[in-house]
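Structure 1 and structure 2 below are two forms of the same protein chain, each written out on its own as structure tokens.
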Structure 1
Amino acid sequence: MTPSGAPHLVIGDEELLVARGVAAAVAQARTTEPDAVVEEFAAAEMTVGDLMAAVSPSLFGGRRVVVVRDGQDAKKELAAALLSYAASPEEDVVLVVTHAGGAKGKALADGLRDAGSTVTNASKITKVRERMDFVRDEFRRLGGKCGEDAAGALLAAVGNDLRELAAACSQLVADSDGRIDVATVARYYRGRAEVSGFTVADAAMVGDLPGALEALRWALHVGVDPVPIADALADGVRTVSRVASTGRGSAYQLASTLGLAPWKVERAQKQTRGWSPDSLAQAMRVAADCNAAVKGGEEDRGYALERAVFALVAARGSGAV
């Protein structure tokens, strides 16, 4: 069992997970004293004197939580003082240090670990598989249940931002019996899914020019930002290229090899028909040019996206067999 005054280290740069890690440490401290006072400091601005004043025993008693954010920015003297305190913490003071991870300030993070801190991993979630797991874990945490296909549908409709995904999970569980399937996701997020960049990309990758242009024009009409649409086009080309290069096989087997969700591999397998290695290479150049244009190279970003859709469909046609 962790000693009541043991420090907490929340390491990583995923904002939602950092916030939850700090909140969990505060909640743990308040299980024994609901009125525990919380003080927060930015490491870059904190002095050794500030730390000593914050962690010194209070004349009036009472439990306190001292949160030092962005520990990687702590000056050398403060980092040394934090490690000295962590080696012999006060019983009624809980020190919580957040740290972005990486090389900067690594000695502080390592020292806090060695001092017996409770460590919470808050690293950025970058892989599709990890985001799928996050969604499914979030539903379980809320008392619901979600299959892999429904998690994939939610990612396609809502995007990759963890805060938005967590809010979506909460909404779906609150407004349903807790058993979430693809139909549930479609019912609540149909409008967003229909005008997402992925809808444009899916149509373009199968050569559906009218469908891709209609989706693109509607997306721009309702205010979807051009950047995620360009990113979705690039992701579509990249995914089809990766799946095509592996040859035939089970979507579930290839998913493990490629680090993609099985539903995404299966969809890409269907989209590979009509593409050749040369036409995919051409599509990669189209996607790269589109990204450069949309992210600063051209004034009319909508036209750049439309031009890319025409070029992708044409590239696919040149690779038809």
Structure 2
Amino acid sequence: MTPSGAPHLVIGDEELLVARGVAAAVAQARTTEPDAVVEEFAAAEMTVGDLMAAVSPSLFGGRRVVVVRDGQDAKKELAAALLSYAASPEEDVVLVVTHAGGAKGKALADGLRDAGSTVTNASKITKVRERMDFVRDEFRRLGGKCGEDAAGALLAAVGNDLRELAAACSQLVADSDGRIDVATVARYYRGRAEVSGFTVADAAMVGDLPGALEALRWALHVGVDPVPIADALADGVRTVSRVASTGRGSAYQLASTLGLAPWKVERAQKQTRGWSPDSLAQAMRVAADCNAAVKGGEEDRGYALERAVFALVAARGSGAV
């Protein structure tokens, strides 16, 4: 088996990364032969005959790239044929299989991996940290540079969709000299794309009234339902109360006793400053009233939330004295 003949497996369901993985495999094939032919198939409709025809050596020579999309939908016979091909691949043919990475058709993905395929990971990016890295890598790839704060600002403004982020990065690099800072981002992007109730609650719990109100306005503006926002406020008070009452300790230890995620405990520990048990009790009452208000208790749900945010911050202030 030569390295050039080994199949490629692009595993994951993040569309942009899958497309990039496939493109990279094609580009690699074209480094040795610029005229390489690319054939695409959808695994759900592909037959064993199609595969045989596609991967058999051509009379006229030349490299070929066979892309099989959505490998998880492959029928049993096709999956078997793909695996048996992967065991003894042709040198002139590059097989690229994309796979969503779930439990469906897992045998095919595992089989291809065991057969020595080049594996490209294209799974969804869920953590903020990783998304930040993606943005910075993207700038670097495009020949630009960007600081952590600028990447954060871009994420807040554009949202979590990788395709949009990639587009925004290339646009920014094209429009500027490649050195991206917060001011550059602010010149082209305004507003907040991803605001949840938790953003509001986090700001309210540390007593940041302007920040909380701004986040609340954005959240209502982008169409977040008031009910989850009210739930998030209650959740904020609950988490801080439970963490505050256990006293200081390692976040990981507390996390297991309280049944919360360690990062949540860590954040709540920072938020406990300024709260007293009495003010937390008051805050919990505010959160409950707000919950009733957004569920039909009041005409204007946005106003009810705003008032709750004011009351939460006021409760915190009363506890600090």
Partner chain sequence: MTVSAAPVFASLVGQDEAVATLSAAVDGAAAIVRGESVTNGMTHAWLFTGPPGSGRSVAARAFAAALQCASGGCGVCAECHTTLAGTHSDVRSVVPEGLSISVDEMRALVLRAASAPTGGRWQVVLIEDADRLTEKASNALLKAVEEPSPRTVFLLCTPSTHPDDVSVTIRSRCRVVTLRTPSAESIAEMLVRRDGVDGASAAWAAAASQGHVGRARRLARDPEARSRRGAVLAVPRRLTGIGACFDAASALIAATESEATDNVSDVDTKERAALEIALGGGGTGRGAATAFRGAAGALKELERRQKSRTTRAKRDALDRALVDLAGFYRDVLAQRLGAGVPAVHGDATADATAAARRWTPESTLRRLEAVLACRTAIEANVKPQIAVEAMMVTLWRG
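All residue numbers here follow the sequence of structure 1, with the first residue given the number 1. What we label the rigid core is the largest C-alpha set whose atoms superpose within 1.5 Å from one form to the other. Just so it is clear, the structure is predicted and the values come from calculations on it, not from any experiment.
Q. Where's the form predicted in complex with the partner chain, in 1 or in 2?
A. Structure 2.
Q. After fitting the rigid core, is the C-alpha of Thr31 off by 2 Å or more between structure 1 and structure 2?
A. Shift at Thr31: below 2 Å after core fit.
Q.
For Asp70, does the CA position differ by 2 Å or more between structure 1 and structure 2 when the superposition is done on the rigid core?
A. After core superposition, the C-alpha of Asp70 moves less than 2 Å between structure 1 and structure 2.
Q) Comparing between structure 1 and structure 2 on the rigid core, is the C-alpha shift at Leu82 2 Å or larger? A) Where the cores coincide, Leu82 shows only a C-alpha shift between structure 1 and structure 2 that is less than 2 Å.
**Q.** Core-referenced Cα shift (Å), Leu213, between structure 1 and structure 2
**A.** C-alpha shift for Leu213: 8.9 Å.
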